[in-house]
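Okay, so here's just one chain, in structure tokens, the form predicted alone.
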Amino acid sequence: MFDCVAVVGATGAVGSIIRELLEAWDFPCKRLKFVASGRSAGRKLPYAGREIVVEELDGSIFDDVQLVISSTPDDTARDYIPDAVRRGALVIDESGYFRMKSDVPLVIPEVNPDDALKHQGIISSPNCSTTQMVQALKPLHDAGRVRRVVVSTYQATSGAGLAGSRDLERGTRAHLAGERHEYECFAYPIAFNCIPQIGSPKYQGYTSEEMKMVYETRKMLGDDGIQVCPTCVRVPVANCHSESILVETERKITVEEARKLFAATPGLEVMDDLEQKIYPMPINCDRRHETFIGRIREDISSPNGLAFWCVSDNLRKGAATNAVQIALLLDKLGPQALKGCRK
């Protein structure tokens, strides 16, 4: 059990779900702090039959904190997380800032739990689009070694934060009413549209979101030889990211074997019956913690290829759920997981 846990970004979309999960899963801690920017400081948030006052993000609030679960923009994480570690806290970070640092493990508990023990005070949770893909790749990689992945994502507006969600709702209402909406988040209308750019230009025509899927996949699977060709698209869906994934493996994996591998993997659920029109969709995966797999089929253009469809709640398994699962993993691992941090 942890003595004191701080949730940073507690009033945001992901932070709110983290609070919900800590309460619903009866997270083992004696005391909780909810932390946010000055705009939210002083608010009272309900938790387990009581209210907790939100504190403003400041280095001194970590002086008695053992574990931090943080969901903030990259620049905020950059500025405060090293100080929190120096003050004795262990930080689980949802931002992208530390993910590819060599001394920061990038962890999905169902994929690489042992990496959590390698931390130097910070554990990163991966990008939402990468998380669900790597969960699905892990059993295939263990069974037949993944050599190449071609992935196209269909990413919900909730992945762009509260402003993205507002743009979808208000932009749709405006479009249907024949009115104009000034978009907060997106460069183009998202209502009744798809935007084939998420993130900034990064490498040879690929965006930052796409390159995250390349680098984070290799890091978590421990194999720099895996080739990944991603295309990330924002679609007019409120929540849950979908992905069309084509995998080429060193050893051929049949559809039947893949289905068994997926079904036997914790955190994955197979929904796959094309004749009965059973497959995962955002509408039936919303507010779920699993990653769902369907449309499993052989790649008819490649001898060792396998194609499938993958859907996951990007705010939950893609963010909040994974962070809380890492915290539960640390509690299970015990004192060895808290090396160098406040006991």
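Counting begins at 1, following the sequence as shown. On a predicted model such as this, the values are computed, not experimentally measured, just so you know.
Another form, the form predicted in complex with adenosine-2'-5'-diphosphate, is not on view; read the next lines as being about it.
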{"item": "Every residue of I81, S95 and I123 near adenosine-2'-5'-diphosphate in the predicted complex, heavy atom within 4.5 Å", "value": "no"}
{"item": "4.5 angstroms heavy atom contact with adenosine-2'-5'-diphosphate in the predicted complex for T72", "value": "yes"}
{"item": "Exercise: P113 in contact with adenosine-2'-5'-diphosphate in the predicted complex, heavy atom 4.5 Å", "value": "no"}
{"item": "Contact label in the predicted complex: L162 to adenosine-2'-5'-diphosphate, heavy atom within 4.5 Å", "value": "yes"}
{"item": "adenosine-2'-5'-diphosphate contact at R50 in the predicted complex, heavy atom, 4.5 Å", "value": "no"}
{"item": "Listed residue (C285, L57, L306, L67) with a non-hydrogen atom within 4.5 angstroms of adenosine-2'-5'-diphosphate in the predicted complex", "value": "L57"}
{"item": "Stretch from 20-28, 330-338, 7-15, 316-324 whose residues place a heavy atom within 4.5 Å of adenosine-2'-5'-diphosphate in the predicted complex", "value": "7-15"}
{"item": "Those residues of 35-66 which, in the predicted complex, come within 4.5 Å of adenosine-2'-5'-diphosphate by heavy atom", "value": "A36, S37, R39, S40, L57"}
